[in-house]
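Here you'll find one protein chain in two forms, each presented separately as structure tokens under the names structure 1 and structure 2.
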Structure 1
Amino acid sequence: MSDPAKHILLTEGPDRTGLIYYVMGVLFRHGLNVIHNNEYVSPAGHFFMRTEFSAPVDGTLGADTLLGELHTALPDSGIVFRLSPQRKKRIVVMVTKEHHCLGDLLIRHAFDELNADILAVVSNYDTLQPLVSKFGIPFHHISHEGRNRDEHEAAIQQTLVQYMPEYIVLAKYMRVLTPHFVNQYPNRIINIHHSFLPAFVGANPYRQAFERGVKIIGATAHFVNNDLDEGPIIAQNVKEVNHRQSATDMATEGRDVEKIVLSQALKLVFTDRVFIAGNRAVVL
């Protein structure tokens, strides 16, 4: 822990009396000052805690030492401790043809607002290559044409592995991923869904929204698991619509919601504020 700035300790496991006390004890004995501490116990009895603390001035304490002492303080507890590394997350963005979420991410990335490095963009179309190339980021066009689903995903995976991404961001990637693919990145694939889930699961949600005559549309950023549109929800937002707007108008309005919700979710995940509790996301 050479960086003198703040550190983030993530603690997770079965709840028991005294957990906060033990963790705080280890930090206190090293003179580490807690700046923010957020804790949550789920109804199922799972304990989650996010602790921001400042490192000592001389910077002599190593991460391994600290984690070792935490494990010693709570032996056989099933508690998992993680120290968030002092660097940006490594991500790859996957898209199809729509530019609004990707464009927003590229601008934020260009001005270092993402707390993440976009290592590459992967797409099944070449539509967005000109946009990506403006920002000097590798673009991989991996078409699904002439390939079955498994072959296509294998080709994508071959490209992804060279980048060793911590997170895959589906910024309007419009193909369903197989469980095989998803399982390689458990709780590490983030999707933006163009509806207020669980309303309008599946394709063409704005058409569905128009036909149902809703007065509010929304967007949902969530982790991807094996069921389409079913992983833990990280962030949602909405916008009022009215009868004058066609399905196309709603889609246009919805894009602004989608891009903001996706970037909000990424900000939460990339600052280590999101835990997974079953099928729910806990944001501390």
Structure 2
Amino acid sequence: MSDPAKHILLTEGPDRTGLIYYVMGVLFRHGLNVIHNNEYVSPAGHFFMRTEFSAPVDGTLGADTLLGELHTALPDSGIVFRLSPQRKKRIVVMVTKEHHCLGDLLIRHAFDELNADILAVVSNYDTLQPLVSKFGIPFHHISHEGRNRDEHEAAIQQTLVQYMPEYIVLAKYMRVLTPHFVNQYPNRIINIHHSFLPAFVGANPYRQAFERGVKIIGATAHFVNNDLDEGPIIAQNVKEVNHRQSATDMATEGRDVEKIVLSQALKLVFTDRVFIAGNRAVVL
């Protein structure tokens, strides 16, 4: 007998008495088994809940009916429900020349650790094509040379349309995206930044950190918006350093942190654990 299909219900909106009771009542009436449930109410009174449940093996979920009953149980409440099957996300990775984050993602993908399918890798240089080819994943070299930013992004977009990705992962893609591009993928572009944001934004963060004599370095994975390096933060981590280490030493240490933080963030997003609340990411 096959395992029951698993689904995730995301609930958010103004907090009110009985929210969990009403949601669970609808799931119970449909014969759905709740496996995990996690909820959070912000200080401003906004409710977030992630509910993982399984459907009967021999039945169908009837998603429209389920969502309709949820809205009927909580009419005019301002509550938003999102329902998705527990499955791999479709992603495209964008890179420039640095290999460490991409290499880590390719290995995790090969061993089925990402909960995602890497459909293609896109780069403005061909430096990493030999690496990607070893994993049998399409590589698209779309050079920025001889093109303005809009022309370059239009060429990238033509390639992305072929794959229809749910998310775009910037694994050390070192070009600033225009608002037009970002707006086509709202809260669907994930970037790894080589510093513990909001400190040391922009270029050469490890040089900035070295010059300030920092005692920790870190990395930040965040959603991309139209404010440079200021999108909602998904995951962060740090590592201790000291005055004996050069900026180059710090960059070497930082690369290890970057790839770990990026993979952590992607696992959270690809298992539907992240809500966007203004410029904050709520992780359940």
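On a predicted model such as this, the values are computed, not experimentally measured, just so you know. Counting starts at 1 with the first residue of structure 1 and goes up one by one along its sequence. Between two forms, the rigid core is defined as the largest C-alpha subset superposing within 1.5 Å.
Participant: For this pair of chain forms, which number matches the form predicted in complex with a further copy of the same chain?
Facilitator: That would be structure 1, which is the form predicted in complex with a further copy of the same chain.
Participant: Please check if residue 255 moves between structure 1 and structure 2, taking a CA shift of 2 Å or more relative to the superposed core as movement.
Facilitator: No, the C-alpha position differs by under 2 Å between structure 1 and structure 2.
Participant: Return yes or no for residue 46: a CA shift of at least 2 Å between structure 1 and structure 2, with the rigid core superposed?
Facilitator: Moves: yes, 2 Å or greater.
Participant: For residue 75, state whether the C-alpha moves by 2 Å or more between structure 1 and structure 2 after rigid core superposition.
Facilitator: Yes, shifts by 2 Å or more.
Participant: After aligning on the rigid core, report the distance the C-alpha of residue 18 travels between structure 1 and structure 2, in angstrom.
Facilitator: Residue 18 C-alpha displacement between structure 1 and structure 2, core-aligned: 2.4 Å.
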